[in-house]
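Quick heads-up: it's one chain on its own, the form predicted alone, in structure tokens.
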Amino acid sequence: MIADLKWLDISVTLQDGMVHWPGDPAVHITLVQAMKDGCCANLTQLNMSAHTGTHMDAPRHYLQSGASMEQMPLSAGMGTARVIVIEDAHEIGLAELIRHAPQPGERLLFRTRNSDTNWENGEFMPDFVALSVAAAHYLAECKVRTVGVDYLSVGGFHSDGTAIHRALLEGGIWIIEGLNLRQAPAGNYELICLPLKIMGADGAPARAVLRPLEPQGV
């Protein structure tokens, strides 16, 4: 039964002009060599931030001496994971997290109201649901392995973004941002999330997929 359960792609499709963090480079994906123009092959050029779409943050993103992407242990992005549906429409808060009892070594993916929008095809949403500072410190205290969110940052746009990132990264937690969790109900899954292996990088785009470990409800 389990072997027949199918993989679910939880990655955002990279596309020219897609939403990006304000102040980061805009996304430009262009065909610089085309067979239709007589070239022997098609050749695509990518111009974008390493933190575009579905991506992972390395400790170096906010910690000067932190590990960079080529140093990421594969266990941070591969193994069992738990999708948690967050009821709070404003933040991933401490009180709600406590009810879910995070465990050491867990990979936790948070599905919020962000997932109810096609955010990658629209304008930047400054009021997206993000972790609170207290929740970030709690996850670090719980020694979870990986945290994933369904928008471009674990930290809010208006405030506390730096403090939230630092709390997680200093706690040894690897971060996945920009997930598409619309079709992922709460439950336990097998996760594969592999970012590009870029020397010295503070982040990298990734392809992420889930496979349920038990039949999912409607």
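Small disclaimer: the values here were computed from a predicted structure and weren't measured. Residue positions are given as counts along the sequence shown, with the first one as 1.
This protein has a second form, the form predicted together with a further copy of the same chain, left out of what is shown; the following refers to that one.
Taking the partner from elsewhere, Gly93 is found to have every heavy atom lying beyond 4.5 Å of a further copy of the same chain in the predicted bound form. When contacts are judged by a 4.5 Å heavy atom cut-off, Gly17 does not count as touching a further copy of the same chain in the predicted bound form. In the predicted bound form, a further copy of the same chain lies within 4.5 Å of some heavy atom of Leu74. Proximity of Ile192 to a further copy of the same chain in the predicted bound form falls within the 4.5 Å heavy atom cutoff. Taking a further copy of the same chain as positioned in the predicted bound form, the residues of 30 to 51 that bring a heavy atom within 4.5 Å of it are, in sequence order, Leu31, Val32, Gln33, Met35, Lys36, Cys40, Ala41, Asn42, Leu43, Thr44, Gln45, Leu46, Asn47, Met48, Ser49, Ala50, His51.
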